[in-house]
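Only one chain is included here, represented as structure tokens and corresponding to the form predicted on its own.
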């Protein structure tokens, strides 16, 4: 089975690594720590299309990521969602939210034009995520 990333996800995100099931990517939008999990699979659009083992694995990976995002960023709230209206490939957003962020309390989608990470800010994210991804034990 060959994994093909949807072109929009490829354009808008930065590859960070991979868990057992999911590719971990970062939305290139500096205002929100915004991570995306994309399970490997052909033509998967909805969580229920994953087999039983992959569903459980997906939940474990999502919870692992969410817990570490909450702790690391001291989030006021995590927005975890599978929207998929524009990008049909199953992908789950994990957006770290703060009561002080520029879209609060509204959703982050479509509120403002995205601004990419600076090189130093991206390095900081990579320094946090690389050990996190490597340490994951399914």
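The shown structure was predicted, so the numbers you read here are calculated from the model rather than taken from an experiment. Positions refer to the first chain, counted from 1.
One more form of this protein should be noted, the form predicted in complex with a further copy of the same chain, which is absent from this view; the next part is about it.
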Inset, instruction - Classify residue 84 as contacting or not contacting a further copy of the same chain in the predicted complex by the rule of any non-hydrogen atom within 4.5 angstroms, answering yes or no. - result: yes
Inset, instruction - With heavy atoms only and a cut-off of 4.5 Å, decide whether residue 55 touches a further copy of the same chain in the predicted complex. - result: yes
Legend entry - 4.5 Å heavy atom contact, residue 107 and a further copy of the same chain in the predicted complex: yes
Inset, instruction - Could you confirm whether residue 42 comes within 4.5 Å of a further copy of the same chain in the predicted complex, counting heavy atoms only? - result: no
Inset, instruction - Run the contact test on 5, 16 and 37 with a 4.5 Å heavy atom cut-off to a further copy of the same chain in the predicted complex and return yes or no. - result: no
Inset, instruction - Scan 32 to 70 and write down, in order along the chain, each residue with a heavy atom lying within 4.5 Å of a further copy of the same chain in the predicted complex. - result: 45, 46, 47, 48, 49, 55, 56, 58, 59, 63, 66, 67, 70
